[in-house]
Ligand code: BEZ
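Before any questions on binding or motion, here is one chain by itself as structure tokens, the form predicted on its own.
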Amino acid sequence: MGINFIKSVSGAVAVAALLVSGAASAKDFRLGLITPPSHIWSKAAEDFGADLAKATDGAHTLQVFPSQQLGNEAEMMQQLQTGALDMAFLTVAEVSNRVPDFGAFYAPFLADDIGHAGRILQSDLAASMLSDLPAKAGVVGVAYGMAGLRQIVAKGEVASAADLKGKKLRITPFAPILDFYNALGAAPTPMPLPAVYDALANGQVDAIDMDAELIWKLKYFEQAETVIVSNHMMFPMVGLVSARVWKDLSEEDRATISELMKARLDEVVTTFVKMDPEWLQQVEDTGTPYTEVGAEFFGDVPAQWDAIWSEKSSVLGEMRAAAAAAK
């Protein structure tokens, strides 16, 4: 009877230990991003969280913090590096501030259209670049998403690129985009998304660099006399996990997170490929002055950008070749 009692107690201790171990490994992850709750990136993050909770029977959950609630992208990157933030969906431009090779994704007219942009993000080169992130940026890159190609919305008539010279033009505050508009002779003005509509309305800026989704959904076209559809630059996003958080995850959890996050980011790319032309058509249908232009509109600016970034990114030539192969 003593032996049975000991076995019973031992069994109870073992079960308790398993329960404690399971509770310790369970985690309520936090994911930050800059886009508003209605944005496709934010919705993908919420869906990823639901997928993760379901796949782990609630052991892992996810809180999503949109609209820069946890800070701007630079601040969220710092939080990822220290482990204070678990995950984020960040623009590749922010990553390029830490790993300049990623600036090659912003090469002017790298992509012919939105479908071509999606294929570039699926290239072997794009995948291989993610492997550099743990050592160089303290984050694990899971997969790419994107927003649409970049367009320009301007107050007043813009008949040529010369009409943008000296104009205050809102940009996302990253070097590849800054260099493009500096070469153009505009006055690039960094500004967070929540401030853009009012800034355009009250004349704080004369023009904005923006994707079709937000031009349409946030009604930026209402404050403009010209929409220039140039498709001049890709705007990729990447799903990241803190390398400090990653190292403490089991192989099973790593595989689950990678699979589920990649699936949702693949959907983001698919959605933009489908919807980008439709959003632009809806903008045109409003009767807002609407001009389609090509690389020639910008003169030698694309060549100037390449000259600058061939010194900053060691993979720019490879990126151009990968884009050509993806046509």
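Start at 1 and count along the sequence shown; that's the residue number. Keep in mind it's a predicted model, so treat the numbers as computed, not measured.
The form predicted together with benzoic acid is left out here; the points below concern that form.
Visitor: Heavy atom within 4.5 Å of benzoic acid in the predicted complex: which of 129, 110, 76, 210?
Guide: Of the candidates 129, 110, 76, 210, 210 is the one lying within 4.5 Å of benzoic acid in the predicted complex.
Visitor: Using a 4.5 Å cut on heavy atoms, which of 144, 181, 235, 221 is close to benzoic acid in the predicted complex?
Guide: Result of the distance check: 235.
Visitor: Would benzoic acid be touched by all three of 40, 87 and 264 in the predicted complex, meaning a heavy atom each within 4.5 Å?
Guide: No, because 40, 87 and 264 lack any heavy atom that approaches benzoic acid to within 4.5 Å in the predicted complex.
Visitor: So if I measure heavy atom distances to benzoic acid in the predicted complex, which of the stretches 165 to 173, 114 to 122, 101 to 109, 198 to 206 falls within 4.5 Å?
Guide: Of the stretches listed, the one contacting the partner is 165 to 173.
Visitor: With a cut-off of 4.5 Å between heavy atoms, is residue 91 one of the residues that contacts benzoic acid in the predicted complex?
Guide: Judged by the heavy-atom cut-off of 4.5 Å, residue 91 is in contact with benzoic acid in the predicted complex.
Visitor: Should residue 283 be classed as touching benzoic acid in the predicted complex when contacts are defined as heavy atoms within 4.5 Å?
Guide: It does not: once benzoic acid is placed as it appears in the predicted complex, residue 283 has no heavy atom within 4.5 Å of it.
Visitor: Closest heavy atom of residue 149 to benzoic acid in the predicted complex, within 4.5 Å or not?
Guide: Residue 149: no contact with benzoic acid in the predicted complex.
Visitor: At 4.5 Å between heavy atoms, is residue 227 in contact with benzoic acid in the predicted complex?
Guide: No.
Visitor: Using a 4.5 Å cut-off on any heavy atom, which residues of 174 to 195 would contact benzoic acid in the predicted complex?
Guide: The one in contact is 193.
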